[in-house]
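In the block that follows, a single chain appears as C-alpha coordinates, in the form predicted on its own.
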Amino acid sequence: MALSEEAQRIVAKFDYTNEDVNEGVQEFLRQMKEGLEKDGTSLSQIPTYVTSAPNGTEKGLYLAVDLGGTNFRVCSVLLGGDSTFNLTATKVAIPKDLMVAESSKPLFQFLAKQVEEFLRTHHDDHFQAYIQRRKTLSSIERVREEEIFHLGFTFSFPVQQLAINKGTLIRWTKGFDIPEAVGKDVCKLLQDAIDDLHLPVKVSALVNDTVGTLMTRSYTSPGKESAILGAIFGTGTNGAYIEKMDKIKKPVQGSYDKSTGLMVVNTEWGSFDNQLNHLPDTPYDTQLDKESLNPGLQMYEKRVSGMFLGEICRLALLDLVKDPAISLFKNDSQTTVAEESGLNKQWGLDSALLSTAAEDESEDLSKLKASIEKELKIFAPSLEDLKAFRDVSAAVVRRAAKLSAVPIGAIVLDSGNLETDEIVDIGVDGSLVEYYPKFRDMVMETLASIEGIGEAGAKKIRIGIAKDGSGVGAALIALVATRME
(Lines give C-alpha, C1' and ligand atoms only; values in the text may rest on other atoms or scores of the structure.)
Protein backbone atom coordinates (compact mmCIF):
# COMPACT_ATOMS: atom_id res chain seq x y z
CA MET A 1 0.00 0.00 0.00
CA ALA A 2 1.26 3.50 -0.84
CA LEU A 3 2.69 5.59 1.97
CA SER A 4 0.02 8.24 1.51
CA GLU A 5 -2.71 5.62 2.04
CA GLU A 6 -0.97 4.24 5.13
CA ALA A 7 -0.62 7.78 6.50
CA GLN A 8 -4.36 8.28 6.03
CA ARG A 9 -4.99 5.07 7.96
CA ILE A 10 -3.11 6.64 10.90
CA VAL A 11 -4.91 9.96 10.38
CA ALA A 12 -8.28 8.19 10.64
CA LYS A 13 -7.37 6.96 14.14
CA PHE A 14 -7.44 10.58 15.30
CA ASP A 15 -10.93 11.29 14.01
CA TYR A 16 -13.04 13.05 16.64
CA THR A 17 -16.45 13.59 15.12
CA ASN A 18 -19.06 16.24 15.89
CA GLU A 19 -21.06 13.50 17.58
CA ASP A 20 -18.01 12.75 19.76
CA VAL A 21 -17.72 16.46 20.60
CA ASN A 22 -21.33 16.62 21.78
CA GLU A 23 -20.93 13.49 23.90
CA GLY A 24 -17.78 15.04 25.38
CA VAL A 25 -19.62 18.24 26.29
CA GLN A 26 -22.32 16.28 28.14
CA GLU A 27 -19.69 14.26 30.02
CA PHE A 28 -17.81 17.46 30.93
CA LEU A 29 -21.01 19.04 32.26
CA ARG A 30 -21.64 15.92 34.35
CA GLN A 31 -18.11 15.93 35.77
CA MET A 32 -18.31 19.72 36.42
CA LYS A 33 -21.41 19.18 38.57
CA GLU A 34 -19.84 16.21 40.35
CA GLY A 35 -16.72 18.26 41.18
CA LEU A 36 -18.85 21.03 42.69
CA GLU A 37 -20.58 18.54 44.97
CA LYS A 38 -17.64 16.60 46.43
CA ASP A 39 -13.87 16.28 46.50
CA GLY A 40 -11.85 13.47 44.93
CA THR A 41 -13.45 13.71 41.49
CA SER A 42 -11.79 13.94 38.05
CA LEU A 43 -12.53 17.65 37.78
CA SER A 44 -11.27 19.10 41.06
CA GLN A 45 -13.43 22.27 40.73
CA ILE A 46 -11.32 24.16 43.28
CA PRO A 47 -12.88 27.31 44.80
CA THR A 48 -10.36 30.17 44.43
CA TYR A 49 -11.89 32.68 46.88
CA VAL A 50 -11.88 35.25 44.05
CA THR A 51 -15.46 36.51 44.02
CA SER A 52 -15.41 39.31 41.45
CA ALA A 53 -13.65 40.28 38.24
CA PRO A 54 -12.29 43.63 37.05
CA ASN A 55 -14.10 45.61 34.35
CA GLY A 56 -11.31 47.68 32.84
CA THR A 57 -11.87 50.87 34.85
CA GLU A 58 -9.50 49.95 37.67
CA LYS A 59 -6.49 52.17 38.37
CA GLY A 60 -3.41 51.82 40.54
CA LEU A 61 0.02 50.27 40.87
CA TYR A 62 0.23 46.64 42.00
CA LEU A 63 3.01 44.09 42.37
CA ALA A 64 3.06 40.48 41.24
CA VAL A 65 5.59 37.71 41.78
CA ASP A 66 5.68 34.30 40.18
CA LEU A 67 7.48 31.28 41.58
CA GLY A 68 6.77 28.92 38.72
CA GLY A 69 9.78 26.64 38.79
CA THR A 70 13.46 27.36 38.42
CA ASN A 71 12.91 31.12 37.89
CA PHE A 72 11.40 33.85 40.04
CA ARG A 73 9.68 36.75 38.35
CA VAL A 74 8.87 40.12 39.89
CA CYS A 75 6.74 42.69 38.13
CA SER A 76 4.70 45.81 38.70
CA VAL A 77 1.53 46.61 36.81
CA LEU A 78 0.26 50.16 36.42
CA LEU A 79 -3.45 49.99 35.58
CA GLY A 80 -4.63 52.89 33.43
CA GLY A 81 -8.34 52.67 34.17
CA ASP A 82 -9.18 52.30 30.49
CA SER A 83 -8.39 48.58 29.96
CA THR A 84 -4.72 49.46 29.41
CA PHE A 85 -1.70 48.72 31.60
CA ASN A 86 2.06 49.13 31.73
CA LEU A 87 4.09 46.13 32.85
CA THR A 88 7.63 46.23 34.24
CA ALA A 89 9.26 42.89 35.00
CA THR A 90 12.49 41.19 36.01
CA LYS A 91 13.40 37.51 36.22
CA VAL A 92 16.10 35.70 38.18
CA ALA A 93 17.14 32.04 38.45
CA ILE A 94 16.62 30.33 41.82
CA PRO A 95 19.95 29.09 43.25
CA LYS A 96 19.96 25.30 43.31
CA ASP A 97 20.94 25.12 46.98
CA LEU A 98 17.72 26.96 47.92
CA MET A 99 15.52 24.51 45.99
CA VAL A 100 16.59 21.48 48.01
CA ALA A 101 17.16 22.40 51.64
CA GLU A 102 16.21 21.65 55.23
CA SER A 103 14.56 25.04 55.79
CA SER A 104 12.42 27.20 53.50
CA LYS A 105 13.59 30.40 55.21
CA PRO A 106 16.61 30.99 52.93
CA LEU A 107 14.40 30.53 49.83
CA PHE A 108 11.79 33.04 50.98
CA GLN A 109 14.50 35.45 52.16
CA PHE A 110 15.94 35.28 48.65
CA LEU A 111 12.49 35.98 47.13
CA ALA A 112 11.92 38.96 49.45
CA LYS A 113 15.36 40.34 48.56
CA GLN A 114 14.42 40.23 44.86
CA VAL A 115 11.26 42.21 45.66
CA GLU A 116 13.37 44.80 47.51
CA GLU A 117 15.85 45.11 44.63
CA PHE A 118 12.95 45.47 42.17
CA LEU A 119 11.42 48.32 44.22
CA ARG A 120 14.77 50.09 44.54
CA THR A 121 15.38 49.80 40.80
CA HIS A 122 11.94 50.57 39.39
CA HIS A 123 10.01 52.41 42.12
CA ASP A 124 12.75 54.03 44.19
CA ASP A 125 10.95 57.38 44.75
CA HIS A 126 7.96 55.63 46.30
CA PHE A 127 10.23 53.27 48.22
CA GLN A 128 12.46 56.04 49.63
CA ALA A 129 9.43 58.13 50.60
CA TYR A 130 8.12 55.17 52.58
CA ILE A 131 11.47 54.68 54.32
CA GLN A 132 11.64 58.37 55.28
CA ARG A 133 8.08 58.33 56.58
CA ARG A 134 8.73 55.16 58.56
CA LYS A 135 11.68 56.83 60.32
CA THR A 136 9.42 59.61 61.58
CA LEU A 137 6.73 57.30 62.94
CA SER A 138 6.56 55.89 66.43
CA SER A 139 6.50 52.12 66.64
CA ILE A 140 2.76 52.01 67.33
CA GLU A 141 1.75 54.16 64.37
CA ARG A 142 0.79 52.45 61.14
CA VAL A 143 1.85 53.50 57.68
CA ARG A 144 -1.05 54.72 55.59
CA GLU A 145 -2.64 51.95 53.51
CA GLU A 146 -2.13 53.83 50.24
CA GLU A 147 1.63 53.69 50.73
CA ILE A 148 1.63 49.89 50.72
CA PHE A 149 2.23 47.87 47.55
CA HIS A 150 -0.36 45.08 47.31
CA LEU A 151 1.13 41.93 45.81
CA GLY A 152 -0.32 38.92 44.01
CA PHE A 153 1.71 35.73 44.53
CA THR A 154 1.56 33.17 41.72
CA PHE A 155 2.78 29.96 43.33
CA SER A 156 2.73 27.12 40.81
CA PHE A 157 2.85 24.20 43.21
CA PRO A 158 -0.01 22.18 44.71
CA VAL A 159 -1.62 24.14 47.56
CA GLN A 160 -4.75 23.83 49.65
CA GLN A 161 -6.21 27.32 49.41
CA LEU A 162 -8.03 28.56 52.54
CA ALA A 163 -8.63 32.22 51.68
CA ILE A 164 -7.76 34.61 48.87
CA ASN A 165 -4.42 35.26 50.63
CA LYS A 166 -3.83 31.97 52.39
CA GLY A 167 -2.83 28.50 51.17
CA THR A 168 -0.88 25.60 52.62
CA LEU A 169 1.69 23.72 50.56
CA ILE A 170 0.62 20.15 49.76
CA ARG A 171 3.85 19.04 48.10
CA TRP A 172 6.77 20.36 46.11
CA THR A 173 7.27 19.55 42.40
CA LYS A 174 9.64 20.74 39.63
CA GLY A 175 12.86 19.84 41.43
CA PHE A 176 12.08 21.55 44.75
CA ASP A 177 12.34 19.55 47.97
CA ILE A 178 12.02 21.44 51.27
CA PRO A 179 9.97 19.11 53.52
CA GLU A 180 9.84 21.65 56.38
CA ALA A 181 7.56 23.93 54.28
CA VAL A 182 4.92 21.29 53.56
CA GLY A 183 1.69 22.12 55.40
CA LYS A 184 2.70 25.77 55.91
CA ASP A 185 0.97 28.87 54.55
CA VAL A 186 3.16 30.01 51.64
CA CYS A 187 1.74 33.55 51.73
CA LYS A 188 2.79 33.90 55.36
CA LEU A 189 6.26 32.52 54.60
CA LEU A 190 6.72 35.22 51.95
CA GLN A 191 5.13 37.95 54.10
CA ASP A 192 7.40 37.14 57.05
CA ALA A 193 10.47 37.43 54.84
CA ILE A 194 9.18 40.73 53.40
CA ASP A 195 8.49 42.07 56.91
CA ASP A 196 12.02 41.16 58.02
CA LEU A 197 13.26 43.59 55.36
CA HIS A 198 10.67 46.24 56.39
CA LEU A 199 9.31 46.50 52.85
CA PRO A 200 6.05 48.38 52.14
CA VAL A 201 4.52 45.26 50.61
CA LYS A 202 1.49 43.19 51.56
CA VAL A 203 0.93 39.70 50.11
CA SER A 204 -2.74 40.21 49.26
CA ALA A 205 -3.54 37.22 47.06
CA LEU A 206 -2.47 33.69 46.24
CA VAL A 207 -2.85 33.23 42.50
CA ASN A 208 -3.38 30.40 40.02
CA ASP A 209 -2.17 31.33 36.53
CA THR A 210 -5.45 30.23 34.91
CA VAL A 211 -7.41 32.53 37.20
CA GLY A 212 -4.90 35.23 36.29
CA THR A 213 -5.72 34.69 32.62
CA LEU A 214 -9.43 35.19 33.38
CA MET A 215 -8.71 38.39 35.33
CA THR A 216 -6.44 39.77 32.60
CA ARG A 217 -9.03 39.17 29.91
CA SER A 218 -11.78 40.72 32.04
CA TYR A 219 -9.68 43.88 32.44
CA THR A 220 -8.54 44.16 28.82
CA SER A 221 -11.63 42.79 27.06
CA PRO A 222 -13.15 45.33 24.66
CA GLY A 223 -16.69 46.39 25.54
CA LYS A 224 -18.59 46.03 28.79
CA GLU A 225 -18.63 42.23 29.00
CA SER A 226 -16.42 40.49 31.55
CA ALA A 227 -14.83 37.23 30.49
CA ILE A 228 -16.56 34.12 31.83
CA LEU A 229 -13.61 31.78 31.31
CA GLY A 230 -9.83 31.93 31.36
CA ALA A 231 -8.09 29.00 29.65
CA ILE A 232 -4.53 27.94 28.97
CA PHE A 233 -3.64 25.83 25.94
CA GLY A 234 0.14 25.66 25.98
CA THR A 235 2.66 23.27 27.51
CA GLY A 236 -0.22 22.28 29.78
CA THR A 237 -3.92 23.05 29.76
CA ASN A 238 -6.41 24.23 32.38
CA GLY A 239 -9.36 26.55 32.79
CA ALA A 240 -11.00 28.73 35.44
CA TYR A 241 -14.51 30.13 35.14
CA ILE A 242 -17.02 32.24 37.04
CA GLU A 243 -19.55 30.07 38.85
CA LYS A 244 -22.70 30.89 40.83
CA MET A 245 -21.90 30.27 44.47
CA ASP A 246 -25.14 28.42 45.16
CA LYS A 247 -24.03 25.70 42.73
CA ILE A 248 -20.93 24.96 44.83
CA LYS A 249 -22.37 22.30 47.14
CA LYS A 250 -19.16 21.06 48.78
CA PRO A 251 -17.85 22.93 51.85
CA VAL A 252 -15.73 26.02 51.14
CA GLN A 253 -13.44 26.49 54.14
CA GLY A 254 -12.20 29.83 55.37
CA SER A 255 -13.44 33.35 54.75
CA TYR A 256 -14.55 34.99 51.50
CA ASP A 257 -16.84 37.71 50.23
CA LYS A 258 -20.33 36.24 49.81
CA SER A 259 -21.99 39.44 48.59
CA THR A 260 -21.41 38.90 44.86
CA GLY A 261 -22.97 35.42 44.81
CA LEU A 262 -20.14 34.37 42.48
CA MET A 263 -16.80 32.63 42.79
CA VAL A 264 -14.07 31.81 40.30
CA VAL A 265 -13.57 28.04 40.15
CA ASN A 266 -10.33 26.43 39.00
CA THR A 267 -11.47 23.30 37.15
CA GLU A 268 -8.06 21.57 36.87
CA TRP A 269 -9.50 20.14 33.64
CA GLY A 270 -6.23 18.48 32.66
CA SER A 271 -7.61 15.53 34.62
CA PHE A 272 -11.01 15.55 32.89
CA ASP A 273 -12.24 11.99 32.34
CA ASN A 274 -9.27 10.17 33.83
CA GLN A 275 -11.59 7.13 33.79
CA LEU A 276 -11.76 7.31 29.96
CA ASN A 277 -15.56 7.23 30.00
CA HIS A 278 -15.44 9.33 26.87
CA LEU A 279 -11.97 10.49 25.79
CA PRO A 280 -10.60 9.01 22.54
CA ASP A 281 -7.88 6.44 23.10
CA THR A 282 -5.58 5.39 20.28
CA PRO A 283 -2.72 2.91 20.78
CA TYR A 284 -0.41 5.95 20.81
CA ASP A 285 -2.32 7.61 23.66
CA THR A 286 -2.16 4.35 25.59
CA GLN A 287 1.59 4.00 25.08
CA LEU A 288 2.30 7.63 25.95
CA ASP A 289 0.33 7.32 29.18
CA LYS A 290 1.96 4.01 30.14
CA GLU A 291 5.46 5.48 29.68
CA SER A 292 4.67 8.82 31.37
CA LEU A 293 5.63 9.85 34.91
CA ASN A 294 1.97 9.79 36.04
CA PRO A 295 0.11 6.90 34.35
CA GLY A 296 -3.66 7.16 34.56
CA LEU A 297 -3.63 10.86 35.45
CA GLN A 298 -4.08 14.08 33.42
CA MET A 299 -5.65 12.04 30.62
CA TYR A 300 -7.28 15.06 28.94
CA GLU A 301 -4.06 17.09 29.12
CA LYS A 302 -2.17 14.21 27.49
CA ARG A 303 -4.37 14.55 24.39
CA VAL A 304 -4.49 18.35 24.21
CA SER A 305 -1.40 20.12 25.53
CA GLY A 306 1.78 21.05 23.72
CA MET A 307 3.90 18.97 26.08
CA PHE A 308 2.40 15.75 24.69
CA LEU A 309 1.35 16.39 21.06
CA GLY A 310 4.86 15.92 19.67
CA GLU A 311 5.22 12.60 21.49
CA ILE A 312 1.84 11.33 20.21
CA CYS A 313 2.92 12.26 16.69
CA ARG A 314 6.30 10.55 17.16
CA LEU A 315 4.69 7.31 18.30
CA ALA A 316 2.28 7.34 15.36
CA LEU A 317 5.10 7.97 12.85
CA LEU A 318 7.22 5.26 14.48
CA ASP A 319 4.37 2.83 13.84
CA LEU A 320 4.82 3.51 10.12
CA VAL A 321 8.62 3.45 10.22
CA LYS A 322 8.80 0.09 11.99
CA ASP A 323 6.60 -1.64 9.41
CA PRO A 324 9.00 -3.03 6.76
CA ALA A 325 6.23 -2.90 4.16
CA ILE A 326 5.82 0.87 4.54
CA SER A 327 8.26 3.30 2.97
CA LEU A 328 8.31 6.19 5.49
CA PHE A 329 11.83 7.62 5.63
CA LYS A 330 13.22 4.68 3.66
CA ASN A 331 11.75 4.99 0.18
CA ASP A 332 14.64 6.95 -1.26
CA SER A 333 18.17 5.55 -1.13
CA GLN A 334 19.40 9.00 -0.09
CA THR A 335 17.13 9.23 2.97
CA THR A 336 18.91 8.43 6.23
CA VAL A 337 17.70 8.44 9.82
CA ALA A 338 20.60 9.15 12.18
CA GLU A 339 21.03 6.74 15.07
CA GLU A 340 20.60 9.66 17.50
CA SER A 341 17.44 10.89 15.73
CA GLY A 342 14.74 12.26 18.02
CA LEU A 343 12.34 9.94 16.21
CA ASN A 344 13.84 7.07 18.22
CA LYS A 345 13.78 8.79 21.64
CA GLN A 346 10.94 9.44 24.06
CA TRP A 347 10.01 13.15 23.84
CA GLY A 348 12.41 13.41 20.90
CA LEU A 349 9.91 15.22 18.66
CA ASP A 350 9.28 18.78 19.84
CA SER A 351 5.69 19.93 19.37
CA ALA A 352 7.01 23.12 17.73
CA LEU A 353 7.79 20.98 14.67
CA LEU A 354 4.05 20.36 14.27
CA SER A 355 3.57 24.12 13.91
CA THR A 356 6.29 24.21 11.26
CA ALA A 357 4.47 21.49 9.31
CA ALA A 358 1.23 23.48 9.45
CA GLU A 359 2.91 26.74 8.42
CA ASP A 360 4.69 25.35 5.36
CA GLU A 361 2.40 25.87 2.36
CA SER A 362 5.13 25.52 -0.28
CA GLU A 363 4.78 22.82 -2.93
CA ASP A 364 8.07 21.15 -1.99
CA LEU A 365 7.60 21.61 1.79
CA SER A 366 11.15 22.95 1.93
CA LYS A 367 10.81 24.64 5.32
CA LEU A 368 9.47 21.45 6.89
CA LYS A 369 12.26 19.46 5.24
CA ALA A 370 14.95 21.76 6.67
CA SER A 371 13.40 21.54 10.15
CA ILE A 372 13.13 17.74 10.07
CA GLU A 373 16.77 17.51 9.04
CA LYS A 374 17.87 19.91 11.77
CA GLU A 375 15.57 18.84 14.61
CA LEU A 376 15.11 15.11 13.97
CA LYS A 377 18.37 14.30 12.16
CA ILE A 378 16.41 12.69 9.30
CA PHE A 379 18.29 13.63 6.15
CA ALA A 380 17.00 13.99 2.58
CA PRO A 381 13.40 12.93 3.31
CA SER A 382 11.29 12.52 0.18
CA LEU A 383 8.31 14.74 -0.63
CA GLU A 384 6.08 11.75 0.11
CA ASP A 385 7.72 11.44 3.57
CA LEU A 386 7.12 15.12 4.24
CA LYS A 387 3.46 14.91 3.23
CA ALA A 388 2.94 11.91 5.51
CA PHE A 389 4.55 13.80 8.41
CA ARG A 390 2.38 16.85 7.69
CA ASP A 391 -0.85 14.83 7.50
CA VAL A 392 -0.25 12.83 10.68
CA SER A 393 0.86 15.86 12.71
CA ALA A 394 -2.15 17.88 11.47
CA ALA A 395 -4.50 15.09 12.56
CA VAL A 396 -3.01 15.03 16.06
CA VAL A 397 -3.45 18.79 16.47
CA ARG A 398 -6.89 18.88 14.85
CA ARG A 399 -8.09 16.35 17.43
CA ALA A 400 -6.54 18.50 20.19
CA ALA A 401 -8.37 21.59 18.89
CA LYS A 402 -11.71 19.77 18.80
CA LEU A 403 -11.10 18.40 22.30
CA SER A 404 -10.24 21.97 23.42
CA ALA A 405 -13.72 23.08 22.37
CA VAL A 406 -15.34 20.54 24.72
CA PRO A 407 -14.75 22.35 28.08
CA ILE A 408 -15.18 25.76 26.46
CA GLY A 409 -18.54 24.71 24.99
CA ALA A 410 -19.66 23.08 28.24
CA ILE A 411 -18.85 26.17 30.33
CA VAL A 412 -20.53 28.51 27.81
CA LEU A 413 -23.70 26.38 27.90
CA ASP A 414 -23.58 26.12 31.70
CA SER A 415 -23.27 29.91 32.08
CA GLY A 416 -26.56 30.57 30.28
CA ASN A 417 -24.96 33.70 28.76
CA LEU A 418 -25.85 32.71 25.19
CA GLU A 419 -29.46 33.50 26.08
CA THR A 420 -28.57 37.20 26.55
CA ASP A 421 -27.73 39.76 23.87
CA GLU A 422 -24.17 40.18 25.11
CA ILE A 423 -20.97 38.78 23.67
CA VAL A 424 -19.65 35.76 25.58
CA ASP A 425 -16.00 36.60 26.16
CA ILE A 426 -13.25 34.04 26.79
CA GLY A 427 -9.60 34.72 27.55
CA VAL A 428 -6.94 32.26 26.42
CA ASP A 429 -3.18 32.05 26.73
CA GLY A 430 -0.48 29.54 25.84
CA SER A 431 1.83 28.71 22.97
CA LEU A 432 -0.55 26.27 21.27
CA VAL A 433 -3.47 28.67 20.95
CA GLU A 434 -1.21 31.62 20.21
CA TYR A 435 1.25 30.17 17.69
CA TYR A 436 -0.19 27.05 16.03
CA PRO A 437 -1.72 28.20 12.71
CA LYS A 438 -5.52 28.45 12.82
CA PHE A 439 -5.83 26.61 16.14
CA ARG A 440 -8.40 29.14 17.35
CA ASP A 441 -10.27 28.83 14.04
CA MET A 442 -10.55 25.07 14.54
CA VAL A 443 -11.85 25.58 18.07
CA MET A 444 -14.45 28.11 16.87
CA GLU A 445 -15.55 25.80 14.06
CA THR A 446 -16.03 22.99 16.59
CA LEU A 447 -18.03 25.22 18.95
CA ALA A 448 -20.51 25.82 16.11
CA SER A 449 -21.13 22.05 15.97
CA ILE A 450 -22.22 21.83 19.62
CA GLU A 451 -25.93 21.40 20.27
CA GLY A 452 -27.23 24.45 22.11
CA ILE A 453 -24.55 26.68 20.58
CA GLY A 454 -24.69 26.17 16.82
CA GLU A 455 -23.44 28.66 14.24
CA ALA A 456 -25.56 31.49 15.64
CA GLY A 457 -24.27 30.92 19.18
CA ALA A 458 -20.67 30.57 18.02
CA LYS A 459 -20.88 34.05 16.46
CA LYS A 460 -21.61 35.43 19.94
CA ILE A 461 -18.50 33.78 21.44
CA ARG A 462 -15.31 35.85 21.35
CA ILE A 463 -12.00 34.16 22.14
CA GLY A 464 -9.17 36.61 22.79
CA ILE A 465 -5.56 36.25 23.83
CA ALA A 466 -4.96 37.32 27.44
CA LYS A 467 -1.21 37.67 27.75
CA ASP A 468 0.66 37.32 31.01
CA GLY A 469 -1.92 35.93 33.41
CA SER A 470 0.79 35.28 35.99
CA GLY A 471 1.82 38.96 35.91
CA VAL A 472 -1.08 41.23 35.04
CA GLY A 473 -3.60 38.70 36.33
CA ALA A 474 -1.83 38.31 39.67
CA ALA A 475 -1.77 42.09 40.09
CA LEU A 476 -5.49 42.26 39.29
CA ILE A 477 -6.30 39.57 41.85
CA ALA A 478 -4.33 41.59 44.42
CA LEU A 479 -6.60 44.51 43.49
CA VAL A 480 -9.73 42.34 43.90
CA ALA A 481 -8.42 41.14 47.28
CA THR A 482 -7.81 44.73 48.42
CA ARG A 483 -11.39 45.62 47.51
CA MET A 484 -12.67 42.62 49.46
CA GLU A 485 -10.88 43.89 52.56
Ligand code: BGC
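Take the two forms, superpose them, and find the largest set of C-alpha atoms that agree within 1.5 Å; that set is the rigid core. Please read all numbers here as calculations on a predicted model, not as lab measurements. The first residue of the sequence shown is number 1, and the count goes up from there.
Absent from the display: the form predicted together with beta-D-glucopyranose (BGC). The rest refers to it.
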Item to complete: Would you kindly say which of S156, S255, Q160, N86 lies with a heavy atom within 4.5 Å of beta-D-glucopyranose (BGC) in the predicted bound form?
Response: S156
Practice prompt. Quick one: from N238, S221, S351, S393, grab the residue that has a heavy atom within 4.5 Å of beta-D-glucopyranose (BGC) in the predicted bound form.
Written response: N238
Item to complete: With heavy atoms only and a cut-off of 4.5 Å, decide whether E375 touches beta-D-glucopyranose (BGC) in the predicted bound form.
Response: no
Worksheet item: in the predicted bound form, does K345 have a heavy atom within 4.5 Å of beta-D-glucopyranose (BGC)?
Response: no
Fill in: Contact of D209 with beta-D-glucopyranose (BGC) in the predicted bound form (heavy atom, 4.5 Å)
yes
Worksheet item: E301 near beta-D-glucopyranose (BGC) in the predicted bound form, any heavy atom under 4.5 Å?
Response: yes
Worksheet, complete the sentence: Counting only non-hydrogen atoms, the one stretch of 255-263, 185-193, 333-341, 228-236 within 4.5 angstroms of beta-D-glucopyranose (BGC) in the predicted bound form is 228-236
Item to complete: Taking only heavy atoms into account, state which residues of 164-187 are within 4.5 Å of beta-D-glucopyranose (BGC) in the predicted bound form, ordered by sequence.
Response: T173, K174
Worksheet item: Would you say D66 moves between this form and the one not shown, meaning its CA shifts by 2 Å or more once the core is fitted?
Response: yes
Worksheet item: After the core is overlaid between this form and the one not shown, has the C-alpha of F379 moved by 2 angstroms or more?
Response: no
Worksheet item: C-alpha of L169: shift of 2 angstroms or more between this form and the one not shown, rigid core aligned?
Response: yes
